[in-house]
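Presented below, as structure tokens, is a lone chain in the form predicted alone.
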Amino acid sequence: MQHVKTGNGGNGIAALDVSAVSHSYGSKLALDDVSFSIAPASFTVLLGLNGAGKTTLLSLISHLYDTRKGAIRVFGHDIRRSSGEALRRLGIVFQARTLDLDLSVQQNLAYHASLHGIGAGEARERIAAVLDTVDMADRLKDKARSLSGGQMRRIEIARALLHQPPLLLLDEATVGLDIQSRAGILATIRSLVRTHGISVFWATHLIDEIEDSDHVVILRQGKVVADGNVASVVKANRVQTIRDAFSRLNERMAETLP
């Protein structure tokens, strides 16, 4: 079995450091003084209801939007001042499907490899490795439109791994998938943390995608209302489960609204 490699993350530096980040759409404040950091080779869940600001935050981290207030660093590289170095260390899977349905799996991945300056020979090796990693090696020649939703998502994950990033961002990666496909995607991503040392930042609104060993950042109306491991978040809210903690935090925020 071939193995996907990852780039050099950076000698103990935080995989992702978000410091005092705020962002507005006109007069609407979408993120309000957001700060947290995640460790290398860890699985961190960004948990929030729809509209909490998760996609805005991931868009800032991936430099789709410019960060005007605060700072974002990927393995020590500032996303504004050293965007090339920061983005080379990022693999991104967006919520919306982004494969070209008229191309084969191989063509989709080869095109992405060329955008990263990966030569044809090396691209073939990397494509074989990442498809093996996501259990899709047998679909190399298939058109993307012939794949199920879960299979498309696996190909998008493979594509995000092609340039060997040490940090993977996923925005609602299981949305619209059945229970079995969701579980399979999560298992694949978690295995990347264990076996390849990749750091994962997993944005979701689904409580059941969290495990007790995860780091959790809870976002509510653009504010970080909890940040820590599951046990510490549960304890701080004097409840029994992360589901109860999430409910309590959302209730408290609702009570403070005018």
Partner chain sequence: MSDGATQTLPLRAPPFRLRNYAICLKGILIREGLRFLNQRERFISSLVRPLLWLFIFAAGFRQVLGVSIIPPYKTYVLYEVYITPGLCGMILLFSGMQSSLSMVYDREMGNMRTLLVSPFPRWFLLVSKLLAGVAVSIAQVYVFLGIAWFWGVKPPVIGYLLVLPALFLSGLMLCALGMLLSSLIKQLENFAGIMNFVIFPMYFASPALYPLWRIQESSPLLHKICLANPFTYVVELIRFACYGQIDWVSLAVVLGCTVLFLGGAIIAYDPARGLMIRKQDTGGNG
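Residue numbers count along the first chain shown, from 1. All of these numbers come straight from a predicted model, not from anything done at the bench.
One more form of this protein, predicted together with its partner chain, exists but is not displayed; see below.
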{"property": "Its partner chain contact in the predicted complex: residue 132, any heavy atom under 4.5 Å", "result": "yes"}
{"property": "Non-hydrogen atom contact residue 88 with its partner chain in the predicted complex at 4.5 angstroms", "result": "yes"}
{"property": "In the predicted complex, residue 96 touching its partner chain (heavy atom, 4.5 Å)", "result": "yes"}
{"property": "4.5 angstroms heavy atom contact with its partner chain in the predicted complex for residue 208", "result": "no"}
{"property": "Candidate site 124, 148 and 202: all three near its partner chain in the predicted complex by heavy atom within 4.5 Å", "result": "no"}
{"property": "Those residues of 53-81 which, in the predicted complex, come within 4.5 Å of its partner chain by heavy atom", "result": "53, 54, 55, 56, 59, 62, 63, 64, 65, 66, 68, 75, 77, 80"}
